[in-house]
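So this first bit is one chain, no partners, the form predicted on its own, shown in structure tokens.
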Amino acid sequence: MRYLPLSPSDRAEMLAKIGVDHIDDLFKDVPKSALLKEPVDLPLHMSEMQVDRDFRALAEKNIPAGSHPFFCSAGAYRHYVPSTVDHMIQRGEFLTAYTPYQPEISQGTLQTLFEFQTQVAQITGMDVANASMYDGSTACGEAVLMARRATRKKKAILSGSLHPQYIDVVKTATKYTDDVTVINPVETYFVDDLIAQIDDETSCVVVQNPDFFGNLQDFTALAEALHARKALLVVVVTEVVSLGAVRSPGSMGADIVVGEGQSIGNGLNFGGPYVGLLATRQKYVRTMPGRVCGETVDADGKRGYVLTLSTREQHIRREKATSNICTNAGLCTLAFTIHMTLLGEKGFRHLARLNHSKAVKLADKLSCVDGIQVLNDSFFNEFTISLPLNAAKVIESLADVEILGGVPLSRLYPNNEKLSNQMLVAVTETVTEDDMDRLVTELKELINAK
């Protein structure tokens, strides 16, 4: 605390004012298992130049995603982002803009958010989208809470093939409420299995398409079964590029669509910041978290943009706010909007077809390798393969020869032995034929050497 100009007596007075004896009391809700038992093993004093030198040395141990064949995925995807996107978002009026509370001086920001909403609504097949969430996982948690508000029911059923980290966020979002969260095992994700669990207490069923393992499904029948019980269908999309080729959630009857928009305009960025998507039917717009930008005309009849709905604003009605989200990922949404605008509908669909065709090509190549089995009947640009070896060790061996070969399922399902030999593989437009051949060759050698 040496950078805060507070004396010990100042701190004691502040602690007494809020009714605690020690600063550690402010962190009592943090599990003891998450607390460090001793200081971090770092030097206490170093010059700025030495710190810079040491961190550069640490960074050089990484394998940058763009420097070697890259097949990783599981909710974060490497796509090519045109240089125009980076150039545009670094303009001062965009880079320094903040929450557009005053529309008369925020027309540019409001218009870009309006365009973003329009694009999200169009690709998801929904009526209205909000001006973004933090990321896909927290948007998923918000969708479950939104379904409760809309239906006045408390039971959410989560598909077994929903991204496990999204499941964790839903569990966190509902931890201190009286919601009932039904988490299915990984094997339970087919439509009929989910329909059988719906009852009169169900607020929603949450599914993913393509799901965590890359599978595609049609959820029309599930939506009909839910609507018959006055419940909602929530569809999660972690790979937004898939919406350029796959049937939209809205056309299947989805009531809420949430997703991760990182694939458009945003790099991997070590896991963030990303851009959460949330779209819904018009009739549920007032239960939706976040804000909505609208288009109108001013007193002179000129087109203008305003915050039509700001239902989350704590400063307006804190106890009745639909969410405690405090801001939106404005610069990330702008990057999304610029990239999507550059693509247009034709380019977006072409990008999706390119991803799918390349993924099919790699799947065919891998299927010809003895010992490797592609487990998907259908997929977009991501699929699961089974190996005759431990997948985590295979990934490590591939990294040793500078190939980032995918994601072992054991990383996200550490207690599921059945998945220890399986791994997710993704192919985007950035993968070349040579990249594919290198992966196939190295896998052959690893299998033959076992």
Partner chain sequence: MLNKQGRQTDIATASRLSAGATTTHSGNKGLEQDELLIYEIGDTQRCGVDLEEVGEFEDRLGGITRDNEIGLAGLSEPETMRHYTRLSRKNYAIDMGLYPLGSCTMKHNPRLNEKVARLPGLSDIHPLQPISTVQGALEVMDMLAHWLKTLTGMPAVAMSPKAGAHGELCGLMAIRSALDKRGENRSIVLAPESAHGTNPATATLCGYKVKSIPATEDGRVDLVALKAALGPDVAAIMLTNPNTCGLFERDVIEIADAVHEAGGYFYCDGANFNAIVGKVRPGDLGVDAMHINLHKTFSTPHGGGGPGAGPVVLSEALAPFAPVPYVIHGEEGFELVEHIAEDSDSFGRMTAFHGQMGMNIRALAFMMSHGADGLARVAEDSVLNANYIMASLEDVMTVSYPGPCMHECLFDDRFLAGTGVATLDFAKAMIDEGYHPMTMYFPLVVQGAMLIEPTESESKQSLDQFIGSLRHLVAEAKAGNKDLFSGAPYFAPLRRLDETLAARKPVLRWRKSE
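From a predicted model like this one, the values you see are computed outputs, not experimental measurements. For clarity, a rigid core is taken as the largest C-alpha set superposing within 1.5 Å between two forms. Positions refer to the first chain, counted from 1.
The same protein also has a form predicted together with the partner chain, omitted here; what follows describes it.
*Asks:* Of these, 198, 285, 369, 183, which has a heavy atom no more than 4.5 Å from the partner chain in the predicted bound form?
*Replies:* The residue in contact is 285.
*Asks:* Within 4.5 Å of the partner chain in the predicted bound form, heavy atoms considered, which of 225, 157, 169, 162?
*Replies:* Checking each option against the partner chain in the predicted bound form, the one that comes within 4.5 Å is 169.
*Asks:* Within a 4.5 Å heavy atom cut-off, is residue 94 in contact with the partner chain in the predicted bound form?
*Replies:* Output for residue 94 is yes: heavy atoms within 4.5 Å of the partner chain.
*Asks:* Using a 4.5 Å heavy atom cut-off, state whether residue 21 contacts the partner chain in the predicted bound form.
*Replies:* No, residue 21 sits far enough from the partner chain in the predicted bound form that none of its heavy atoms falls within 4.5 Å.
*Asks:* Would residue 137 count as touching the partner chain in the predicted bound form under a 4.5 Å heavy atom rule?
*Replies:* Yes, residue 137 sits close enough to the partner chain in the predicted bound form that at least one of its heavy atoms falls within 4.5 Å.
*Asks:* Though only this chain appears here, would residue 348 touch the partner chain in the predicted bound form if you measure heavy atom gaps against 4.5 Å?
*Replies:* Looking in the predicted bound form, residue contacts with the partner chain include residue 348, since a heavy atom lies within 4.5 Å.
*Asks:* Any residue of 53-91 with a heavy atom within 4.5 Å of the partner chain in the predicted bound form counts; write them all down in order.
*Replies:* Heavy-atom contacts to the partner chain in the predicted bound form: 54, 55, 56, 58, 59, 61, 62, 63, 64, 65, 66, 70, 72, 73, 74, 75, 76, 78, 82, 84, 86, 87, 88, 89, 90, 91.
*Asks:* Core aligned, does the CA of residue 433 move at least 2 Å between the shown form and the other one?
*Replies:* After core superposition, the displacement of the residue 433 C-alpha between the shown form and the other one stays below 2 Å, so no.
*Asks:* Kindly check if the Cα atom of residue 67 is displaced 2 angstroms or more between the shown form and the other one relative to the superposed rigid core.
*Replies:* After core superposition, the C-alpha of residue 67 moves less than 2 Å between the shown form and the other one.
*Asks:* Superposing on the rigid core, does the Cα of residue 43 end up 2 Å or more away between the shown form and the other one?
*Replies:* Yes, its C-alpha moves 2 Å or more.
*Asks:* Taking the shown form as reference, are the C-alpha positions of residue 178 and residue 236 brought closer or pushed farther apart in the predicted bound form, with a change of 3 Å or more?
*Replies:* Closer is correct, given that in the predicted bound form the C-alpha spacing of residue 178 to residue 236 is reduced by at least 3 Å.
*Asks:* Pin down for me whether the residue 178-residue 222 Cα distance shrinks or grows in the predicted bound form relative to this form (closer or farther, change of 3 Å or more).
*Replies:* Compared with the form shown here, the C-alpha atoms of residue 178 and residue 222 sit closer together in the predicted bound form, by 3 Å or more.
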